[in-house]
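The chain below stands alone and is given in structure tokens; this is the form predicted alone.
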Amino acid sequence: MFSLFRKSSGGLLAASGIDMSMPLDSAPYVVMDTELTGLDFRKDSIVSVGALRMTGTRIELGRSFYEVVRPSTELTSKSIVIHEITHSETEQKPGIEGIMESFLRFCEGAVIVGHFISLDLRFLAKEMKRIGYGSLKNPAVDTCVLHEWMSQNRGDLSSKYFNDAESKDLFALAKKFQVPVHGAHNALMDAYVTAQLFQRFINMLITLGVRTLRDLLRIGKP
């Protein structure tokens, strides 16, 4: 057992054990994405959070999380063009502190998965520290890192999936792995695209000898 998260004020403490010997195809995951006011974590902030639970390769569509929040920094015209969340949509929403506890509870007991997940985790860590929740202890894996590892260790997998010259952004990989994309740059929809990509990766990783969560974290840490 280990501490998943701890709120330094108010006494909130949740603990969850993740068995690192668990097989990939039965392990619990939360696939997540955020939309932001910009990419500079020092001056930008979170606008929305979307996430889905997975058990092994099964995407649990009935267990999703999506919240738009009032960002702590100004929305920019550039970011609005990307995620299409406007001032009028956020002004009546809670700040990130209003949804943080429910999001952390949603993540309990699961490995967090995302594409370029370091960026999301960095913004999340900043807000958790500011609010007083300490740090997120969930292990995390990055689907881009997993793709790079498979590119270098692909064995008998088709080379059509692993061209180093191609873009590694989420939608380029989604197209390559025939994952349909609808509503791009909506946090929940992007999490769903990532979940479908990860679903395909789990089956490929097993054929390459990656069998347990311990193996997965060894090759897929952001």
Partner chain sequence: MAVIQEEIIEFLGKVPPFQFLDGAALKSIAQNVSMDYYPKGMVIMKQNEPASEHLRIIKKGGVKVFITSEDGDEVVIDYRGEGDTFGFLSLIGKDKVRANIVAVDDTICYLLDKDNAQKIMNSQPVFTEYFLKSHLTKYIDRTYSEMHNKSMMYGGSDRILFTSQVGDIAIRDVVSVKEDATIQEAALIMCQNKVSSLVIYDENDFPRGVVTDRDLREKVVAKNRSVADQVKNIMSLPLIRVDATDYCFEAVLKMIKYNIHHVLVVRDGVLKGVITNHDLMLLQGTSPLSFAKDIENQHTLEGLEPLATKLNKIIGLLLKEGAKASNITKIISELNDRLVKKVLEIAEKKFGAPPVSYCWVAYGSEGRKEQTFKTDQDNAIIYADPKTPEQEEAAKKYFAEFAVFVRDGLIKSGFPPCEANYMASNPQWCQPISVWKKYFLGWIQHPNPEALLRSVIFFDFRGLYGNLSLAGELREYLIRNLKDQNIFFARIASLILKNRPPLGFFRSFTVNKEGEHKDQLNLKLSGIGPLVDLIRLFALESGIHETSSMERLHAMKESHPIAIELGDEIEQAFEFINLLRIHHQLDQMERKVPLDNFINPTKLSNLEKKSLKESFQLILRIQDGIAEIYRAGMVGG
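These figures come from a predicted structure and were not determined experimentally. Positions refer to the first chain, counted from 1.
The form predicted in complex with the partner chain is left out here; the points below concern that form.
Participant: Can you say which of 190 to 198, 42 to 50, 28 to 36, 167 to 175 gets within 4.5 Å of the partner chain in the predicted bound form, counting heavy atoms only?
Facilitator: After filtering at 4.5 Å, what remains is 190 to 198.
Participant: So in the predicted bound form, is the partner chain close enough to residue 203 to count as touching (4.5 Å, heavy atoms)?
Facilitator: Judged by the heavy-atom cut-off of 4.5 Å, residue 203 is in contact with the partner chain in the predicted bound form.
Participant: Please determine whether residue 68 contacts the partner chain in the predicted bound form, using a 4.5 Å cut-off between heavy atoms.
Facilitator: Residue-level check for residue 68: no, no contact with the partner chain.
Participant: Does any heavy atom of residue 154 come within 4.5 Å of a heavy atom of the partner chain in the predicted bound form?
Facilitator: Flag for residue 154 set to no.
Participant: Using a 4.5 Å cut-off on heavy atoms, what residues in 46 to 61 are near the partner chain in the predicted bound form?
Facilitator: Contacting residues: 52, 57, 58, 59, 60, 61.
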